[in-house]
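Just the one chain here, laid out as structure tokens, in the form predicted alone.
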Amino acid sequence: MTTRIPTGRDYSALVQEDRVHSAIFTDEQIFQDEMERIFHTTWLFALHESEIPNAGDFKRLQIGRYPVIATRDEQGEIHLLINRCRHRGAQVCESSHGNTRRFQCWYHGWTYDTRGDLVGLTGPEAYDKDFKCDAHGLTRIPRVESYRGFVFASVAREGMSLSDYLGSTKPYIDIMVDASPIGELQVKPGVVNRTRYRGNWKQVGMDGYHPHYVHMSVFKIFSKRESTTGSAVGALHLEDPFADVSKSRTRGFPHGHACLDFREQRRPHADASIEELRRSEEGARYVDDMISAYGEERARDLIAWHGDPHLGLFPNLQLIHDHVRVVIPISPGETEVLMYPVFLKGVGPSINEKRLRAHEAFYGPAAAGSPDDAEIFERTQRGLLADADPWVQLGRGIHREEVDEDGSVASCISDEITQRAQMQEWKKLMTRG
């Protein structure tokens, strides 16, 4: 399914160990090559299984350049189908999500079931006897795999398994899932914050250097809060997690994955979080259920971590605080970001309500945090268009990197390991033969 665009450009020269050329953020041809060489070759996050829990449920999404319908059939199996009629190419589904038994093309009425099979051919007498409906179903994305409810897709027919691709990031994904005492999350396709900014998709990275500056005002507000429980966003005021003297770390993993690791910084605050939770009936039940499910030591850690792995999975998924963030490149200078709040299954309503309110406070359209990020991304994009001195510095902390037991490269929270990990993967994919 992949068509590589021939290019004589030396992409390896655009990404050096401690800097990248600004053309990778602004050049139209590079963007087109990114779609082919990155988004049409590697694993991309598609959706969470809970978004289509019932037979007939569907959701529209984007996989690289391909408009896709995610469906669940009568047998409970999930399919990712390209949203393009096999007759003239019109999209057969326009609703963002819903439940149906059929998708009918508005153009000439060809009809498909939730498996993508062509089950209705209008005017069949006009086709010769060799026409086979079973050869004209909606095209399927070749590879679909999942990890703990997170469904990934690859347009490439061959490649490494999803398990190998995720590698040592899987325990970090577990942090978000195991914040539920029954190990299940709920993501609602209709509950989403959408942000579209005039900047490149690679601006949305893991950056522990910017919060002291971009988010100074919101942190001053958070520092006056008393409550910490239920939300990782609320945990931001615990000491200063973005100070290099803190126990917070920044990490780079193979395949461009990266995280801001707050585990050691938050662990000493477990007692305070548990004490506050126990002041309410539902909070006390949550603590008891977590201990029953995971044992006291693991439960204490999970409660202290607030279900926040702060993990970026290259190239289009981030698991941050209380939400799933999907990055959709539109053009070199335009990106859409979808932020889905995550609800914990097996907990009382007040726990999820508090998480949602905290999410809205930082990431909502009228919030104090996420709009600041979008603004700085646009200012950066405008600056990058000036190519008089085109190199972008990413060398912070390069002299103090350490390789950890899980194979990740770690250092102080403000170091630019995360950007270097992402850009080295970019370079590998863009120069792969």
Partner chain sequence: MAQQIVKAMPEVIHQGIVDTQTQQRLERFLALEAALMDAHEYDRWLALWDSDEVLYWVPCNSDEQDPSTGIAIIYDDRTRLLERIMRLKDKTAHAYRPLAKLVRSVSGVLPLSVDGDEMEVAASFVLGETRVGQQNLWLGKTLYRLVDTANGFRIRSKKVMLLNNDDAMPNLTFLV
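These numbers were taken from a predicted model, which means no experiment stands behind them. Numbering follows the first chain given and starts at 1.
Not on display, but discussed next: the form predicted in complex with its partner chain.
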Only one of these stretches, 104 to 112, 312 to 320, 159 to 167, 186 to 194, has heavy atoms within 4.5 Å of its partner chain in the predicted complex; which one is it? 186 to 194
Can any non-hydrogen atom of residue 221 be found within 4.5 angstroms of its partner chain in the predicted complex? yes
Please run the contact check for residue 343 against its partner chain in the predicted complex: heavy atoms, 4.5 angstroms, yes or no? yes
For residue 365, is any heavy atom within 4.5 Å of its partner chain in the predicted complex, or not? yes
Could you tell me if residue 379 has a non-hydrogen atom within 4.5 Å of its partner chain in the predicted complex? yes
Taking 207, 241 and 428 as the candidate spot, are all three within 4.5 angstroms of its partner chain in the predicted complex by heavy atoms? no
Position in contact with its partner chain when the complex is considered in the predicted complex, options 374, 30, 55, 392, heavy atoms within 4.5 Å: 374
If we test each of 276, 73, 360, 301 for a heavy atom within 4.5 Å of its partner chain in the predicted complex, the one that passes is 360
